[in-house]
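Only one chain is given next, in structure tokens, and it is the form predicted on its own.
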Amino acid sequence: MDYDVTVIGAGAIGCALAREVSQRYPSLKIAVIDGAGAPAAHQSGRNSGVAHSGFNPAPGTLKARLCVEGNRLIRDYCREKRVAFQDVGTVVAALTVVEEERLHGLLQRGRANGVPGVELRTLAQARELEPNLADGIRLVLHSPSGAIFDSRAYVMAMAEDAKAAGVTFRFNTRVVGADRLSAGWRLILDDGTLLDTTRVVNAAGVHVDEVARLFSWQGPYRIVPFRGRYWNVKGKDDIIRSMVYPTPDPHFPFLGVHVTRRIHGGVMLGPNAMLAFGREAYSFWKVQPKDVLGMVRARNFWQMMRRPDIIRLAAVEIERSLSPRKFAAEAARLVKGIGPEDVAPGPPAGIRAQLVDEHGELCEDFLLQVEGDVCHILNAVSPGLTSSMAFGRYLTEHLKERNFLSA
């Protein structure tokens, strides 16, 4: 065999897993394969650069457990590796009576999940933290463990650790086929290379379901890509000190357009969550016909689009994607002093690899499936970045229990 374990995908999860396994099992030959030219080329490098506290996930879920643990691990790791990291805290604002009730629910979730220091504040109390909070805010949840950091540098550091432990990285390479061997798999790469491996971990992010089907996976899920656009706030770097979120809608796993301080300076707005016309359709006008055709052929997609709330969301998000005025208006409900004239194109858009089940429901929790000698990490969306080191540890233990990592 060329390798004992091959990880497909060099994002935060793939690199965290490769790092963890290589350090705990130095005798294993491990490879990481990615279609891009470097780690963190997609979700892990195109995001808000936020270490979430963990008050959003439902108690008892894998997300809740790994986000809180991951927040602690990522903080220590970034400081050890001198990756830019700053504790700024998270502010969530309620604008209506209904949202006030939701904030009380988030407070209970945060406490149940073990989030340190989470509390509710009046607007006057919250302005001690964020003086420019908007006048219409009724109640605020504050979580001091929220932080901002350089997500790309963080993933690169984990990849370097993995390399130092003997992991081989193969970039600009895609797995396009897989043939079953008597023990393991023969992977067919897009350059014609054949690579034999005993076990496979599929951490391919937005392509995870496509890759899974190469290994005869028949699960009832499909990735539907959602594009998140960002805008910058011009010339007002001190308008906030941390990050200010709207109260999330419990019907969707998206957190809404928020105002975030950036780790290397400046303030940005976003992301929104618009249905994308391709798995790597980072521009509004980009259409990837193969992906669109696959999406509209899937029952999951049409079941999702039958939901009136999804239709309303789609209409709103298209408008947001095209209109800086709309983004500014959303931000002004949270923070005073942001107008349309203050908004400029921001960081590169990202794609959220959202898993949808056969009933059209957007999957909330992290989801992984182990089938013999193949493991598929099917749903690792936000807070997947925050959770990545904890996810790597959890998955390593999980695979150990299933004798997946024996030499």
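Just so we're clear, the structure is a prediction, and the values are computed from it rather than from any experiment. Numbering starts at 1 and runs along the sequence shown.
What follows is about the form predicted together with a small molecule, which we do not show.
Only one segment in the set 171-179, 116-124, 216-224, 75-83 has residues whose heavy atoms sit within 4.5 Å of the small molecule in the predicted bound form; it is 171-179.
Interface membership of R102, defined by any non-hydrogen atom within 4.5 Å of the small molecule in the predicted bound form, is ruled out. Looking at V92, you'd find every heavy atom of it more than 4.5 angstroms from the small molecule in the predicted bound form. Using a 4.5 angstroms limit between non-hydrogen atoms, R65 is distant from the small molecule in the predicted bound form. Although the partner is absent here, M389 sits far enough away that none of its heavy atoms falls within 4.5 Å of the small molecule in the predicted bound form. I33 is the sole member of I30, I338, L355, I33 with a non-hydrogen atom within 4.5 Å of the small molecule in the predicted bound form.
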